[in-house]
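A lone chain, given as structure tokens: the form predicted on its own.
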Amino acid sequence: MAAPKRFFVENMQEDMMLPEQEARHARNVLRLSEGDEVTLFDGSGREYSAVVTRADRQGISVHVVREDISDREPKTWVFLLIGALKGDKTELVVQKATELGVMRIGVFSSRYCSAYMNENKLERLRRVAREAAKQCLRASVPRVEYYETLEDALRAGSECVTRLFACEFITETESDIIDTGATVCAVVGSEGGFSEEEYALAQRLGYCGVSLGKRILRAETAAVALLAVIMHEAGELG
């Protein structure tokens, strides 16, 4: 039997209506009806088993019957900082980072960044994170933020135990990628990369330089590759 369909709900209640967008998908695409079982999540790491109590043009009503803590969330807390990318590449990174288990995502502008962000784009990234969390069966949704400067972004990650700064002109990684169970901040630049001055700033703020090999990777590839290495070293992909 197929697993119950999953829906994101911000304000969880025992008896409630699904949000309009989720209800439209449940009714028109999934064809849910009264008595069907669903799974709800609110981004807190908890999942809620529920039953559809009404399904009509006015909406989808559900009744929560059980609450559980998800076992799919990683023990390693990872914060990705990524330079704003052109087109829909930032959305791709947010999607893949969510699937890999990142807990927080910061998009920033830097010296060689040629993309821009606005409130509509930021809200779009948050929707992408919610949809990715739903698809990969996570119960937490990464928090997505925007920082106007690289320094602001780096300071946001300064409380993480492990701080990694990846850029193309670093030839050798300065330290072990991760200690299992640590909090990690991973920084990857935009298509234009970083300047030497930006790398020096990161070093002053306690970030260790990371090499991603001899080949120059696209920014979106670098972000996904670094996150995959972090999660593997932390035992999250085993």
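For every residue, the number given is its place in the sequence shown, counted from 1. Worth saying up front: this structure is predicted, and the values here are computed from it rather than measured.
Keep in mind that the form predicted in complex with a small molecule is not shown, yet the notes after this line are about it.
| task | May I ask whether 33, 59 and 63 all come within 4.5 angstroms of the small molecule in the predicted complex, judged by heavy atoms? | result | Spot residues vs the small molecule: no contact at all.
| task | Note which of 212, 52, 201, 208 lies within 4.5 Å of the small molecule in the predicted complex, where distance is taken over heavy atoms; exactly one does. | result | Here the answer is residue option 212.
| query | Only one of 217, 16, 23, 225 has a non-hydrogen atom within 4.5 angstroms of the small molecule in the predicted complex; which is it? | reply | By the 4.5 Å criterion, the partner-contacting residue is 217.
| Is there any non-hydrogen atom of residue 166 lying within 4.5 Å of the small molecule in the predicted complex? | Within the cut-off, so yes.
| Using 4.5 Å between non-hydrogen atoms, is residue 37 touching the small molecule in the predicted complex? | Answer no; every heavy atom of residue 37 is more than 4.5 Å from the small molecule in the predicted complex.
| task | Indicate whether the small molecule has at least one heavy atom within 4.5 Å of a heavy atom of residue 194 in the predicted complex. | result | Residue 194: yes, in contact with the small molecule in the predicted complex.
| When the small molecule is placed as it is in the predicted complex, which of 25 to 33, 40 to 48, 66 to 74, 166 to 174 ends up with heavy atoms within 4.5 Å of it? | Looking at the partner contacts, the answer comes out as 166 to 174.
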